[in-house]
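Below you'll find only one chain, the form predicted alone, shown as structure tokens.
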């Protein structure tokens, strides 16, 4: 990794330059919220955003994705090629970059997913620093910083960016499309001061050190019944989560009934039909059991395999939940023995 400094006014030059070679996707305003979208005009790029409605996982694991076309009579696959056009995801916060690294363990691990891999290989990542909001708790999982997994990372120093370059391609694109300067001792000192201030801006840090042991001990804790009473099983938490990866597979036939296409679509463990099997049996029939399963998967099951929890503390689920269920409150209830409110 090496470092440079870039004037903020140069961001438009960088975006325009990247657009000559790649599709550039970044955060844009959508009413009072923000969403990742294709950048047609550099003026639309909003690097001062708090968070986006949906996470960047939608560009690697789309809400609805065609996997193949098939012919019924021949029982033959017609087209199952995984393809993605070159693109740059511009403006990812550290938590979202860390979320993609967690998703890589799932889709590029023991069983490699060709569709996810095609999107991942075709995409460059440009990260940007952020300011924690009230619902953020990424510092609880050490995902408030990112040290790898990106090509370029921009830290806001006020009138300029402290630029961390992680890949050869990132360095080449930076040199090709925008003017930067070598860092000075003053730049480094200001960068360190900004990082320290960022750390201090978080709400009190959650103590998660004993959480895996507590989950073992509190499998039948009343907190799960209390959460089940509140949960609406709407699945909003899963839809906005940057690390939820459950999906359903559907075959849609064409009107002629001779051919069709297979799709995968996002699914949620909070849906009542998610754990339904033959003969009307359901493994997790109660809402309480489904809420509990989600937390045990993220905070215990994934941890046991990959030594990381499957949460980055972005706070999207807290904002989206119609029942005001917050992971921060649930973890606090488990650690301190209080109600999840």
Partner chain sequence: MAPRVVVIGLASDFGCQVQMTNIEDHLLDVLGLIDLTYWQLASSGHLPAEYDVAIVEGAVTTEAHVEALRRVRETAGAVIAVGACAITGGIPAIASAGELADRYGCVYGEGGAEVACGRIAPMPVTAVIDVDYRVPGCPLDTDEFLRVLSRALQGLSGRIPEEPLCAACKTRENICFHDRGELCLGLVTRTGCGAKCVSLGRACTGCRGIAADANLDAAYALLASRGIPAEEFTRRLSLYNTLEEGCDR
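All values reported here derive from a predicted model rather than from experimental measurement. Residue numbers count along the first chain shown, from 1.
Same protein, other form: the form predicted in complex with its partner chain, not shown, and the subject of what follows.
- Checking 262, 230, 117, 166 against its partner chain in the predicted bound form, a heavy atom within 4.5 Å turns up for just one residue: 230.
- The partner is absent here; in the predicted bound form, the one residue of 68, 53, 47, 303 having a heavy atom within 4.5 Å of its partner chain is 53.
- Using a 4.5 Å cut-off to its partner chain in the predicted bound form, each of 33, 63 and 239 places a heavy atom inside that distance.
- Partner contacts here mean any heavy atom within 4.5 Å of its partner chain in the predicted bound form, and among 203-211, 103-111, 253-261, 182-190 they occur only in 253-261.
- Not displayed here, its partner chain is approached by residue 234 to within 4.5 Å at the level of heavy atoms in the predicted bound form.
- By the criterion of a heavy atom within 4.5 Å, residue 323 is counted among the residues contacting its partner chain in the predicted bound form.
- Although the partner is absent here, residue 298 sits far enough away that none of its heavy atoms falls within 4.5 Å of its partner chain in the predicted bound form.
- When contacts are judged by a 4.5 Å heavy atom cut-off, residue 41 does not count as touching its partner chain in the predicted bound form.
- Contacts between 95-126 and its partner chain, taken as any heavy atom within 4.5 Å in the predicted bound form, involve no residue at all.
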